[in-house]
Structure formats: C-alpha cells, structure tokens
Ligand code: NDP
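Before any questions on binding or motion, here is one chain by itself as structure tokens, the form predicted alone.
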C-alpha cells in the first residue's frame, strides 16, 4: 500500500464518504476509504424512514448497500484510524494511520462525521461499557425488561427513548432544558409511551455503581439532588467535531471545530475537500450528507483535471 499513489483517500465511511467513493471510482479514480467502521452514525440508527427510495430500512443495512455499490467499482477499504495528514511540496498528501501505515494520495476527502458528546460527570468514564452507553440501537437489547435512563432533548434522545420503551420495563427521559428540541412527530411518540417518564430541567451530576451502573443522580433547577435506580444509561446529548488532529494542515474551522467548505466542498487547502456532518452545513441528515459526498467527489475529480471551468448543461449555446 505504501508504494501506491491513490487519486483520492476518503477519510470516513458514512453516507458522505461512501457516496463520494461511488462517484470517484466511477470516474476511474483510484480510491481508498479509511475508517474504523462502516456507516458512521447512521449505522447506529435502527430504522431510517426519510431516505429516498426506502420507506424503512435499518441504518447499518443502508450503509452496507452503499459499501457494496462502491466495492463493485473497485473501491478499496482500510479499517483503521487516520492519525495525521501531511501535504508534500509536490502538492500530494501522505496519510498516516494508527498502525503507522503511510498512504500517498493526490487528493483527500474528509467525511468522518462527528463523535458523541460526554456528560463529563463522576462515574461516567469508569462505567462506560458497564451500563453507560452512547448507542441505544447497539446496546438496547441488553436491557430488555430493565429500568433505563435516556439523557437528552433532541431527536437522537427522543428516538432512543421511544425505541427503549419497547424493550425496557421503565424509561426515564432526562431533559436539561424545559422543552424538547426534536421533531414534533418524535415528541408525540414519546409522550404516547406509557412507560416513559419525562423529567425536564434535569442536570446529571453523577453515575453510581461498583462493577456496573446501579443508579444515576440528577438535580432539577434549584431543587435537591435525586437518585434513580437504573441498570442502563443512554447518553444522547449531541456530538463533537474531532478535528484537532488536523491542526498541522491549518484548515479553516468554525468555532465548533467543523470544517469550513465552499458551496463546492472545497476547503482552504488545495486538494482537500470535505463533506457531511463534519462540515458547517446546517442540516445533519443522511440524504444531505450523501449529496455532499457526491459534490466533493466530483470536485476532487475536477481538481485532478486541472480545475477546468465547468459549463452547466443548462447554459444556452451561442
């Protein structure tokens, strides 16, 4: 692999990265996708009901369809973490992985999405994987018939609470604010579930347990601390843009660490493009990420062709 020079290395294998791979490979670009897993955040979604062409499909199943389609056109995959990217004097790039592999590429597409946000309270780190989880779809079945807490007020928390209501005995939904931030259809589903207890204005202060989670401590605004005996805690409070490892490239980032891109998915570094949730796009949806991945791929191809001006199909001929 160290002897190869790829036309493009795509970092991330969610909807944006895999869609980009489909388009780069169809343009006969030698393509390598590097990711720790397939699907990214969408693989943690039990049912996707808003992706065109599918009334309902599992998130992981959808991602696997993306992967299979890309594989048919010759895309290569490497399941590792990317640790560093360096731009050479030639304009090409060297990508270094966690196992010290060095991969050469003419262009880069960054499409690695976001990472879950932590509670940052005592007991959370110690009991992660021992009752504290960040994926209801992955770990929910382990808590069938038990009492659990879902923390958050957005779509991911509402979706997790509704899903867990079908498995768990009792679901507590702790919301830090005084109202939900999610879609009304999800709010209605949660309110309709008889075994979901909603607690607003609740701030988590501690996770308790010895070898496993035993309880969660929270405090309502200006009130005393209260404790809930639970077996599982599902943290659904948003995600972070983990882009500090890209500092040596001097990419332009937003205050939240998202990668700034142009309308054509270009970054401020020539030859590096970005797509999907890791960028500053407002709406973090799978179908939007897929479209952004397509754009990034086509722009990378154009870059390799010498950035020749494009004439839109609708431009009248003179």
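Positions refer to the first chain, counted from 1. Given the structure is predicted, the values throughout are model-derived calculations rather than measurements.
Not on display, but discussed next: the form predicted together with the named molecule.
- When you look in the predicted bound form, the only residue of 26, 284, 30, 65 with a non-hydrogen atom within 4.5 Å of the named molecule is 284.
- Just one of 101, 117, 104, 87 comes within 4.5 Å of the named molecule in the predicted bound form, counting any heavy atom, and that one is 117.
- No member of the trio 146, 165 and 231 reaches the named molecule in the predicted bound form with any non-hydrogen atom inside 4.5 Å.
- With the partner omitted here, the stretch from 137-145, 178-186, 209-217, 93-101 that lies within 4.5 Å of the named molecule by heavy atoms in the predicted bound form is 178-186.
- With a 4.5 Å cutoff on heavy atoms, residue 254 does not count as touching the named molecule in the predicted bound form; it lies far away.
- By the criterion of a heavy atom within 4.5 Å, residue 237 is counted among the residues contacting the named molecule in the predicted bound form.
- A residue is said to contact a partner when one of its heavy atoms sits within 4.5 Å of a partner heavy atom; residue 122 fails this definition for the named molecule in the predicted bound form, lying far away.
- With a 4.5 Å cutoff on heavy atoms, residue 56 does not count as touching the named molecule in the predicted bound form; it lies far away.
- Along 127-163, a non-hydrogen atom within 4.5 Å of the named molecule in the predicted bound form is carried by 151, 152, 153, 154, 155, 156, 157, 159, in order along the sequence.
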